[in-house]
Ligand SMILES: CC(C)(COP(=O)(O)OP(=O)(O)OC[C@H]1O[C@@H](n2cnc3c(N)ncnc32)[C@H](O)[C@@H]1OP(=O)(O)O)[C@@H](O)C(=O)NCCC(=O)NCCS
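In C-alpha cells, one chain follows: the form predicted on its own.
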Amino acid sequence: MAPADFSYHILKPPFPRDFVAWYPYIRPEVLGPRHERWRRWLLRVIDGETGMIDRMIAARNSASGEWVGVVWTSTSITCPELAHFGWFFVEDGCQGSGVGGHVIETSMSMLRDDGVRMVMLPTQLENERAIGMYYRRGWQLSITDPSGGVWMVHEPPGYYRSFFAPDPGRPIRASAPEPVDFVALDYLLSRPAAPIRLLPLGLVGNRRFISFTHDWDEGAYRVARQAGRPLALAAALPVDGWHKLDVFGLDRRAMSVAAAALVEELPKSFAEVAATDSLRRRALEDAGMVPDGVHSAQVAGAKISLCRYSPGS
C-alpha cells in the first residue's frame, strides 16, 4: 500500500463518531497502566473541553473506510506561534507504507499555514525509529530525563528566546494557572535555561504533557504573564510544614515575578537550586529570598552542589 491509497483529514471537535470509536489513545490496552489518568484528559480533548484548539490529523483507508493513523495537535489563542504535537499512531498493518510520514507532513503543513513557528513533541529514547523519522524532518532533541523520556522541537534556530522575552516597557503580572497556559508551560518545561532542574513537581525533563495531567490541587502555583502570554511558572509543594519552591522560565524578570507571588503568599518556603544555575538563583533573590547554605546531593546519578534559599527578613 502507498500513501495515495489513503485519504487524509484534519478533524476538530465534534469529532466523527466512527473516529472516536477507533481512536487508540482512549483504550486501556494502548495507554497502559496509567490509562485512567490519561484517558480522563484525552476524553476532554475528544469532547472539545480543553479550552484550546485541538485537532486530529488522521488517515483512513480509501477502500475500506477504516481509520488507520492519527496525530494530535494543540495550540492556544494566547500562544498561536506554538503547538503541541503528539499521540502519533499508525495501525500495525499500515506501518512502512508511508502513511505515517504523510500524516506528519499534513500536520506540519497545517500548522505552518496557521502561523505556528515552534512545535514540540515527547517520545522515548527507546523509540529509535520515531526519533529518526522526526529528526529527518527537521526536529531536534531538546531535553531528556533519566527515565528515558525525550522532548523534541521543530523551530527556527533561537526563535524561542525571543518568543518568551517580555517587552521591557510592559508590566508582567502573576496569577493562577489556566488551561490556556498549558501549551506554553509544557514548552518551558522542555526548554530549561539550566542543564539540570530540581523541580518540586518531580519533574526532570519530559513527563509527557505534565501540565495537562498534573494535580494542580497538591501545591501552589503562579504563572507570570504579559499580554496573556505565559512566560514563567513558580511552583511550591508542601514538605514537612514548609513549602519547597521552584521557578522556571527563560527570562529572569518573569521568573522573579512568578516566584515573588508565592514567596509573599507562603512565608515558610525554601528553594534548592544547582549552584551553577545562576538565572534561577538571581530570580529567587529578586523575589526576596536569600542564600542559606550549600550542600551536595546526588541527582540522576551525578553529585552536584545545591544552594538553599530561604525567605528574607
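Numbers follow the displayed sequence, beginning with 1. Just so we're clear, the structure is a prediction, and the values are computed from it rather than from any experiment.
Only in words, not in the display: the form predicted together with this ligand, which the text now covers.
- Proximity to this ligand in the model of the complex, defined as a heavy atom within 4.5 Å, singles out one entry of Tyr134, Tyr160, Trp72, Tyr221, which is Tyr134.
- Note on the partner interface in the model of the complex: the residue among Val239, Leu125, Ala130, Leu141 having a heavy atom within 4.5 angstroms of this ligand is Ala130.
- This ligand in the model of the complex comes within 4.5 Å of a heavy atom belonging to Gly100.
- Put simply, Tyr23 is far from this ligand in the model of the complex: not one heavy atom of it is within 4.5 Å.
- This ligand is not shown here, and in the model of the complex it never comes within 4.5 Å of any heavy atom of Ser175.
- None of the heavy atoms of Phe164 is located within 4.5 Å of this ligand in the model of the complex.
- From the list 164-172, 179-187, 90-98, 106-114, the contact stretch for this ligand in the model of the complex under a 4.5 Å heavy atom rule is 90-98.
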